[in-house]
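A single chain, nothing else alongside it, follows as structure tokens in the form predicted on its own.
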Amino acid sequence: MEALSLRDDLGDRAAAAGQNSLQLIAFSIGEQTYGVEITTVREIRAWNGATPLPNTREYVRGVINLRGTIVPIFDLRARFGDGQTSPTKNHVVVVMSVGDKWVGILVDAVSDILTVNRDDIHNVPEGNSIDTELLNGIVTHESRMVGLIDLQAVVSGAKADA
């Protein structure tokens, strides 16, 4: 009987730890590492170009047709104000769900799947308004800082003012 209650106690603690952890897909833009919740990621695919759209911001690369679904592609480097990416065959598009829509973000490379503790997520320091606007937080993982992308903020304001 006691062994059973000990096992139940361990199971409860493991479940509690699982509720407090967060799994991220980590990717890089230059030397910076960013992450999004793994549950939002639908697909990771090689960069094959995108069909440009008129009257969009410089960070909107265009759209792709993904098995009948039109997916807008956002250049994350450009969205952070660091100029447009010059994509190569090594660049990838991470296709994610944002609400009921799918979007893709162009990144240099997908690097890892990370498990972090929600308590380890810190607020974005004031100072860089773009980072403050586009990030939900920052977490340290194995001596590197990972910016947590706010997908809703990244995709908002995609149409250029006429």
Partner chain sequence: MSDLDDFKATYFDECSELLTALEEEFAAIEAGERDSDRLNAVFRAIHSIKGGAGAFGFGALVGFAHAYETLLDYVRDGRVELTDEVVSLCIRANDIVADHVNAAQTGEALDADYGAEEKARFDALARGESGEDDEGGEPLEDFDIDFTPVMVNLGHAEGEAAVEDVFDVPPMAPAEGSWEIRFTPHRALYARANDPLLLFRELAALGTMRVKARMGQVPPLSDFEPFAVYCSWEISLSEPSLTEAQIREVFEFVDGDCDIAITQAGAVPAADLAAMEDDLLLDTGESDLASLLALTEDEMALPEPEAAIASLLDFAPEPKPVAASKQDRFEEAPALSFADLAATIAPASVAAPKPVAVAPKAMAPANSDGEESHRSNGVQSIRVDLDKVDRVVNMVGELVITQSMLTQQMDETLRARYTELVRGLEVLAQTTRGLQDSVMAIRAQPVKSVFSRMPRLVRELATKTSKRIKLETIGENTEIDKTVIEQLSDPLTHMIRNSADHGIESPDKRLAAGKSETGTIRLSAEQAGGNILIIVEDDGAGINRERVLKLARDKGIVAPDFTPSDEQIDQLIFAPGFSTAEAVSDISGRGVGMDVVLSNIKKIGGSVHVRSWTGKGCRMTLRLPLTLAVLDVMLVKVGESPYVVPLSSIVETMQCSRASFERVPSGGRVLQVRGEYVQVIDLGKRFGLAKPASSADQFVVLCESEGSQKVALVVDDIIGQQQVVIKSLEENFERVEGIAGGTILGDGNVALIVDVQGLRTTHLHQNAA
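On a predicted model such as this, the values are computed, not experimentally measured, just so you know. Residue numbers count along the first chain shown, from 1.
Keep in mind that the form predicted in complex with its partner chain is missing from the display, and what follows is about it.
Check your understanding: Using a 4.5 Å heavy atom cut-off, which stretch among 45-53, 115-123, 25-33, 133-141 contacts its partner chain in the predicted complex?
Key -> Result of the contact check: 45-53.
Review point. So, in the predicted complex, is I38 in contact with its partner chain at a 4.5 angstroms heavy atom limit?
Key: The answer is no: I38 has no heavy atom within 4.5 Å of its partner chain.
Check your understanding: Would G68 sit within 4.5 Å of its partner chain in the predicted complex, counting heavy atoms only?
Key -> Residue-level check for G68: yes, a contact with its partner chain.
Check your understanding: Does at least one non-hydrogen atom of I64 fall within 4.5 angstroms of its partner chain in the predicted complex?
Key -> Yes.
Check your understanding: Would V107 sit within 4.5 Å of its partner chain in the predicted complex, counting heavy atoms only?
Key -> V107: no contact with its partner chain in the predicted complex.
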